[in-house]
Structures are given as structure tokens and as C-alpha cells.
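In C-alpha cells, the next block holds one chain alone, the form predicted on its own.
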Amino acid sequence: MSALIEKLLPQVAGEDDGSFGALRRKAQKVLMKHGFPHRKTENWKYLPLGLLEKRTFSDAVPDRAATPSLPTYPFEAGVIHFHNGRLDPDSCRLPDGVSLTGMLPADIDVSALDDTGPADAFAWLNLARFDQGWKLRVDGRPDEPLVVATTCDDEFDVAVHPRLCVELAEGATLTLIETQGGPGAGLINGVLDLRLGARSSLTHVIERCFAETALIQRTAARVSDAAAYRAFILDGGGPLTRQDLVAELVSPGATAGISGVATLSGRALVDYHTAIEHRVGGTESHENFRILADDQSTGVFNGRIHILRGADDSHSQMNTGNLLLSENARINTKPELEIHAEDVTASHGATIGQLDDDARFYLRSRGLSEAQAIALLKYGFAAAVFDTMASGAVRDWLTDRLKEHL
């Protein structure tokens, strides 16, 4: 992957005298030593990084001629807007109790990243190349959700590396909604760090669909004493979409849940790698992920539950269900359980199938057309992952977006 190193890390030999200099130099050293993942890198074997090698990335983000328009939402919400990889301050509005500041070196923790191989190369690349990191602090319980909107335009043909840290104070709550989409043939290589204080609660919603943009994102949630992290994902894919999602349960009473669905068509590709780490006992987690793959699309899901030694009385459940809607579509799924503790309950299950012919016949016999019957079955299969989401305007919006994806 030396060509990709030259393409994405052209300034590797330069000096950085800024406050992030030591971190950048460490990241560059790891990248130059181990390079990027390849087909023999276990957790990256299904992702065709050759697509990035074929692309030509410009040296600078295109100038913004006019203020880009934001997606509309059927609910009141604060907004943080990143357009073509840069923060758009004119579009930002923060709810009461939420503050946004520049990131400091102390806000970056690389202890969980692998520096002995290429598995975390894109997270190291983000650290080596990010322009300005941002930190969001949540105190109290804002009445409205906060949308982090990522957009790009037709001229977006660069590689950008946004970085955001979200910190919830003790007892704070937040609904964080990430929306991502737009044209352009660039690369968004993002890192999102989530830190939940004691007895805090974060509902994390991700809704994305890209036409030509490649997306690689690492999200890490650190969940402390009696805090709760819940992720709800709707992903329409793109030419290359990779999501690493890690939830670390580090104190008794911490809980985590991941519920997601990928709806794929054309030649879309999504590659999801999730990991829930039970580091202490008295923690709980659940995961439910589904992929619907049509046309010549490819879906990948690798879910890992890791219960460490000493994390007794931990409880975890994972299920992944998948539908192949075309003979040319592919789905690769791999649930994993790694248990090193006693007195735990843990289970996993995985299925891959097709739409049920009997169910289609039943719906046709009730007056639905073939297309209506298929659409209803697809929606029922996909929408089930959002059953645990609290009712309200955000859930209604997400299920409406699911109908549009399908």
C-alpha cells in the first residue's frame, strides 16, 4: 500500500511544531512502519481499498462560494455542521447546556489503538492529518437533540479527517444525531470519541447514504458508572463505507446497545465492525444488526463481544439477521464471543436468507401487488431493529427515512 501512503500522507517528512506535534509524529511513525490494511489483514479482508488508490485527491478543500444548505428535520434540534470536512460556524446552533471548544492534546487517547500492525491505520491517519479537532461538552439535560450534519458537494474531491470528542458530565443526557451524505468523490476519514460520565445517558443515531464519497469512521464510546449508551443506525451505504464502533463498559452498572440496519442497492458496500468490551462485572449489552443487500451490493458485519477476566456477572446478547434480495448480492457476517469470566450470560445468533415466499403469497392474496408485498416485507424486517428506541419525533423521522432508503 505504498501508493496509498504517498496519496494520503504526503507531508510525512515534515515537522510539526504545534501542540499536537508529538501525537502526529507517533501516528506517522506507525503508518510508515506498518502501512495500510490489505487482504490478509483479518478485519479488513472484505474492503477493497484499491478504490482509494485509483482516485486522485486534490490538495485543498474547494472554496465555499455560498453557505451550503442543511438537511431539514421535522423536529427542533441544535446543529453542528461540517461541510467538505470543515466546520461551518455560520450554521451551528448549540442547545442549552452544550458547549463547543477546540480540542487539546489531552483530549486525545491513543491507548486503545493498535500500533503493532495495520489494523487501526486509518485512525492513525486521522491523527496525523486532522486540521482542527473539536470538543463538545454536555452539562445537564438539553430539551432538544443535537444534530451533527456532515455534507459535501459536487466539487468535493479531497481527503479530509474530521475529529470530534463528545463528553457527557455526570448525570447528563443527550440525543446525538449524525446525518451524513452528499455527492463528490472524496474521502471522509473521521474519528468520534464519546465519553459518558457517571449516570449519564447518550442516544446516538446515525443516518447516512453517500453517492460517490468514500467514508471510513471510527467511533469509540467509553461508558462509566451506571451510564447508558444506545446506538441506532440506518446506513444506505456508498461506494466504500467502513464503520468501526467500539463500546467500552468500564464501571459496574454500565450498559450499551447497538441496533442497526444497512439497506444496500446498486454496487454499494458497507463494512461494519463492532466491539463491546465488558471490562468489569455488573455490566450489560445487547446488539441487533440487519443487512438487506440487493443488486450487486456487498454487506459485511463483524460483531464482537469481549468479556474480560474478572468481569463476572456480565450479560450480553447479540443477533444479526440478513436478507439477500439478489443473486448477485453478497453478505459476510461473523458474530464473535470471547469470554474470560465466570457467572456470565452471553449468546449470539446469525442468519442469512431470502424473502419468505409464503409471506409474499399471503400478502398478494390480500390484494397487494408484488412490489407492495416485497416493500412491506422488507420494511417489517428492517424496522424491527428500532423497536427498542423510545417513541417520539426522532424515531418517527428515522423510520420515515428507512422507508425512503428502501
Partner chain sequence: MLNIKNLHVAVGGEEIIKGLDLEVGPGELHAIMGPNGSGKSTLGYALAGRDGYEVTDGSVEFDGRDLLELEVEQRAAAGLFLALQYPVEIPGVNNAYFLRAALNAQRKARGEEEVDSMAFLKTVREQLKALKMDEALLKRAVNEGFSGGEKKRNEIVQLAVLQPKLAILDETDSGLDIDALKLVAEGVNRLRDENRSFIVITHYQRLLEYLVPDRVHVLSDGRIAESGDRSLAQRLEREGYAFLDTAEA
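None of the values given here were measured: they were computed from a predicted structure. Residue numbers count along the first chain shown, from 1.
One more form of this protein exists, namely the form predicted in complex with the partner chain; it is left out here, but the text below deals with it.
Work out which of the listed stretches, 368-376, 47-55, 340-348, 24-32, brings a heavy atom within 4.5 angstroms of the partner chain in the predicted complex. Residues of 368-376 come within 4.5 Å of the partner.
Find out whether any non-hydrogen atom of residue 353 is located within 4.5 angstroms of the partner chain in the predicted complex, and reply yes or no. So residue 353 does not count as contacting the partner chain.
Could you confirm whether residue 70 comes within 4.5 Å of the partner chain in the predicted complex, counting heavy atoms only? Residue 70: no contact with the partner chain in the predicted complex.
Can you tell me if residue 364 lies within 4.5 angstroms of the partner chain in the predicted complex, counting non-hydrogen atoms only? Contact check for residue 364: yes, within 4.5 Å of the partner chain in the predicted complex.
Give a yes/no on whether residue 59 approaches the partner chain to within 4.5 Å in the predicted complex, heavy atoms considered. No.
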